[in-house]
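Presented as structure tokens, the chain that follows is alone, the form predicted alone.
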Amino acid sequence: MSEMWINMGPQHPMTHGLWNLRVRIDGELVLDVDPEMGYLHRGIEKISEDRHYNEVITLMDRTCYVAGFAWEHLYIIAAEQALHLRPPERAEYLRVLCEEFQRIASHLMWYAAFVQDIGLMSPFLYGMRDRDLVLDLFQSYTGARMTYEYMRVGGVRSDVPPGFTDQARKVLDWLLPRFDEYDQLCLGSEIFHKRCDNLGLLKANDCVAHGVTGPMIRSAGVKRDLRKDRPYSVYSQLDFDVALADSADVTGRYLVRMEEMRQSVRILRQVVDWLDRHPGPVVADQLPRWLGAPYAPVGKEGYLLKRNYPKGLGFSAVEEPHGEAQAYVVNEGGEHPYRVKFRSPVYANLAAARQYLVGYRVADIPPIMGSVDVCVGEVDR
């Protein structure tokens, strides 16, 4: 019998993180796969229930190490609903600024890793070079390049520094022609098409059946984007298009992510123009003391008085770079969330691996899985 099971992981160049793909093969043909997850589980949801609302933000940056701002935004929206708080409009625009620059940085990280998997080295160097420009912007107003801890319940930690919008425009002006350059390097490469065309097919019906979202479902021709379908923050006030492809393969996922970066540039130009025209506060007033308010009631002996705040539930869903992420926060009137629950888009995308890997060759697995864009931190949490 020539069939056998092999392990691709948990330490393997294909995995781009700590997870294992068990593959049943007959020679080079993939007969079955079994993704094994859980190596990176840190109990983030349970830890969140023992921290103040703003302390949870530290964990969000570490949930997905290439999409920290998106996860901060996801949690913040749900927490503000649960606490009955509304942030200032300028804070909302700053959050969108963060999220869309994060989308570009995440896709550039994906691009650099993906093209290296299929044997293209120069595009890897270009992608990492351009991602550094975005990380420099993050550092200029958060002080960090990956773990920002910038957003706050009720707003953001601080405004952007003077001159930031001009620097942001320079980065956007630089990036847009680079995306065309990436297309020349990839779509003009015979290697790229041989490794990517008609591989990893996942049609629209299968995407829906397995809860697959983000660039994967949009590459199958489904016009599904929460920023349009269920607008949050100030996305309803911004003009952009949903990136689509219809091939439902690795090449289609590449095309969708490239177009998403172009649309993010389009969004960001509108945001920085708005920020220049509308100064204002970046954090809500009338916050409880434990959320950063300057005053709180003090008892006769000098201790802060405990107050019963209104209870509430919060649910949010955002279009993070990998797909639809969801958060559920329960407020029972205390200084800590009573319950926190997250839905990772990559978990669903990865769980459907049998649908887009079986029937291909072992050598096809790296480009196919690379097109999925796996972030194990948010899968295991």
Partner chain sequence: MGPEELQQALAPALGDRLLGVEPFAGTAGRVRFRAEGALDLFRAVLALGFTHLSTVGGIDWVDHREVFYIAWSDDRKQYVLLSADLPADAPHIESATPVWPSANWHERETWEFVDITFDHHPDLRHLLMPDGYEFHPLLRSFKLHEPEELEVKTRHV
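Here the structure is a predicted model, which means the values were calculated and not measured. Positions refer to the first chain, counted from 1.
Here the subject shifts to the form predicted together with the partner chain, a form of this protein not shown in this document.
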Query raised in the report: Is there a heavy atom of S264 lying 4.5 Å or less from a heavy atom of the partner chain in the predicted bound form?
Result: no
Query raised in the report: Do V379 and the partner chain share at least one heavy atom pair within 4.5 Å in the predicted bound form?
Result: yes
Report task. Answer for R339 alone: is it within 4.5 Å of the partner chain in the predicted bound form, judged on heavy atom distances? Result -> yes
Query raised in the report: Using 4.5 Å between non-hydrogen atoms, is M146 touching the partner chain in the predicted bound form?
Result: no
Requested in this report: Sort through L135, L125, A209, L176 and report the residue having a heavy atom within 4.5 Å of the partner chain in the predicted bound form.
Outcome: A209
**Report entry** M60, M258 and V358 each touching the partner chain in the predicted bound form (heavy atom, 4.5 Å)
**Finding:** no
Report task. Heavy atoms, 4.5 Å, the partner chain in the predicted bound form: which of 66 to 74, 52 to 60, 23 to 31, 37 to 45 makes the cut? Say which one. Result -> 37 to 45
